[in-house]
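In the structure tokens that follow, a single protein chain appears in two forms: structure 1, then structure 2.
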Structure 1
């Protein structure tokens, strides 16, 4: 067909045909015809470029615009620049945005409000507030749209206070905000959780009769929800005369955000039975909401419901349910979703890939985590943080530190999470001097003020290095109130280095701050027992009992093939229990020969020595490890998960087991990962 088109048309006819084709959306023909014209005139360029933009073919529009700039001596007109500005906005193409801006200045369109507004909007979509400001400040006249575009640009750039400032200032400059302004500004109040400003805007909305606008009222519901004023959110929703899918989605999100899962689910139910059209955001809001509230099983149930309704999980769905694979510690599930991500080419997306990096790390497979990270085309603060934290969890402080330096070199700015990650990595690897340097540089070089967690990390660094007095001094000199994290770090150090005196001080503070945490009583009791202060140890346990605090039952689990097998202390409920105990007996003998001595300090019950040793053999982590070894199936490593900190005797015993059996044993306890290999643990015995 194309070949049959007339060629060598006179210009006025070519323009006519290009116009017809462009308007009917047949851009293939329009382009074909255009490309044959040796010297297209301005109206022809404009027609083609604006048609391309209008039909979402922004990349082509920009290509033609650059052609136009290169080979043309014709000046662009306003309409042409407007179209290209729009194309740049939709592609967030800052480089070409600047060219359009340049041309607008060069050809004297600076004083045009319409084009100026379009340029502000373009810069806003490109997240370039400096550019937008330049245009805005240079405008001789500004209207509501100029102000709204500027405020909207600030919101896009995360400059929320500036956005609110623009909203307030425009009134002083004689421009009255319209409903678009209001719905641009409310998300800023929401993100800032600034209920006061939000109410102020709400008042403005009521006074100006904008409440009937569905954009405005949905934004109000969202604002109240973000500020955790769920009743207000519901009231606004109830008062709405007209509601669309987004209004409902916002209300669903509101309840999940306020931790009211059942209400969120029931709103979703009412939405479905009321015949309101569902979209991806509706499903994702429910699935994501369940995930955020720890309702993993429910999330997966809604996921299959979603698929049954003909919605294929999209990038956001996948990113929301990925953490389910860490909640269940299901590496296999993670790999399945990885396949899905790969097949659907969700790989370019930073958020999705970052979530995957984290899932692999949390499932215990740091190698896979590294591999996904290394394939990421670009990385932002969160993705670097994730990889740093992954290494810290696995006890690779040196690598965490290297990644941190690499992150700085690549020009990505660290935030407070970055430092928590690096510092905790340092503490696990005993990198004391390095972490002191980094701690000092936080505020000075990176304008991140150390918070309570960072201080706790430093106490941990010093405590694990055995510098307990220094750690205590550090706590005493802290500019902020020491948290349970700080005292807990000191107490942990006291356990490792058997320091009774400081252990008592730390524990007594902890008994005040978090009287219900059983771990603190257990730790102090362990310290006292190892110092042979039996009566004081039993006093501690009595204190715990008197306060009605009970030790959380320890439990360990391991996934073999598709099933998760769970063990508690002395568990005999597993199908292979007999085999497990026989194996542990046999192992015990071999371990003793290799030099293993049971450490009964970790037994809390008042029983005699022989019984104590027996109780040790029963610990859930030992049972799970034994089960794993018995079901290796040719794998060279096993992964065990435990809900509490690993017991010291088990830690020692597993080192022997890993050496004797010749496998890698990975145990994730409540704090970190331990990689046991060849008689050693990656934590270098500072668990």
Structure 2
């Protein structure tokens, strides 16, 4: 409640009170008093609008200026235009920015250097290089701020070569760049990876005695690091007479960018032990750097240190660390971060919520992905793509198609990744006709030229549907060189449909393209074994050995009570191994009564039937599933992850196990998710 304000004041006293309230930051009283003045004069408008801009109330400042222009025949002065230009810059409001520029021209201020510089800066913040260039070219006199603002505008707009050009022209026009100019232009060299230009700027810095400026030196460290000249970055850092937190952060980021994780952690350790004040950027640089370098566990350890030091994770931290839950397939961790996002109201951040959608999908809970996606207040191409890909990896091709159509209806433009996701979903759901229509529409309707991945997806669609000859003809007619993805899709189809002839053709091409990929040899061997061509299968395995190619061992893992338990074939290292094998024996009897017969075609050794059945029983995914069932602890579902494709016999067995035990079993193999429930799998026995 406002205390009573004076009314009917003469203009000079009203102006005095408004100035007092504005200077003290009491903008509510200033506005209230202003609104009581029937016809405020220009100085009164200027004081209020300037105060609103200064105190971060830019939207109100622009609204008052628009009122001023509509209600008054009085012309604005330079100070008023300066304030409104700053407000437009703060809001990145290009529409009102252009109006302010028009007013500056209309009322004769286009020759004023101070206002001209403010307008260039305003357009730069609005990322409108054309507007900035118009102001710059119309200025009869330019100072160092004019040139610096123009160069900075080019950098903000991503016109990096133009920024370097402005820097060079500045010198040719007799204007000496200052430290702000240099700090603004060095990021252009960094983003362009232009080491030559960066060194030229470094030479200018040394010649003009700017090396002691901490902002310039930090920008040099960043430039050298971005240009993969980490040794030079370290030399500049070591030569700095004083280092602030920013310069330390820049060096840490430099090492992580250059894949030198241990050195980055070492610099961070020196920073902590040296008493340097850490900020959010410091912690986020290390957490993000560890994640980018595959050091997931270390990232989580640093996150814990961050929280123990009194820093609450912010949106950047959360976005950086969410992939850790994906990498570790930690649904529990994803839910904890989800709760943190909800409590701290980070749901408005598109990047964070999109990452959360992907975490849930990768951890096997597609329903939670859907819920997060449905709650997003807005969606961009990346978020739509993420949800489409999530459904594709879970084998929900129809849902992926529906999302694609909703995306188009919402006006969001699809890109190359969108079509990869949709075609992949069609592949897993046998939606051949739909995928052909989408493939044909890419360049025709959406200006997206099909690349190697899209062609490979189409081969996969045809191969999975059993149309192997069509797939082979599609490969032969491809306008680009067929990749390993295309031939691999055909080879996979040949395994499912036992086509030896095309399998040999696809495998031989793959042996040329990627001779070190063990999966190709194994797939061909599977095809030959299924056809009882033992001698030829043996030759394939010998070729593999002669080339020094080793098969990746099958491995499955499951998280129980926040601990990951890993299994390999025949594994007996688990504390519950005896219990696991007893359970599998018991379950085997139950399954046989229910109609299960072991499919010994998936045993590649030429051994007798009894030995084959014993080998099948020891597969890693069966061991992990058994362990999960034994440790359900009231849960209604278990999630198992495997590094290779699930074998056909295990797939069949897990369907029976899910029905007999009455739980949902989710298995993610190297290709997709399988949801087993009531004796059925979501893939419809097609993967």
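The term rigid core refers to the most C-alpha atoms you can superpose between the two forms while keeping them within 1.5 Å. Positions refer to the first chain, counted from 1. Keep in mind that what you see is a predicted model, and the values were worked out from it rather than measured.
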Requested in this report: Can you spot the form predicted on its own among structures 1 and 2?
Outcome: 2
Query raised in the report: Since the chain moves as two rigid parts, how big is the smaller part's turn between structures 1 and 2, in degrees?
Result: 19
Query - Inter-form CA displacement between structures 1 and 2 at residue 240 - rigid core frame, Å - result: 9.0
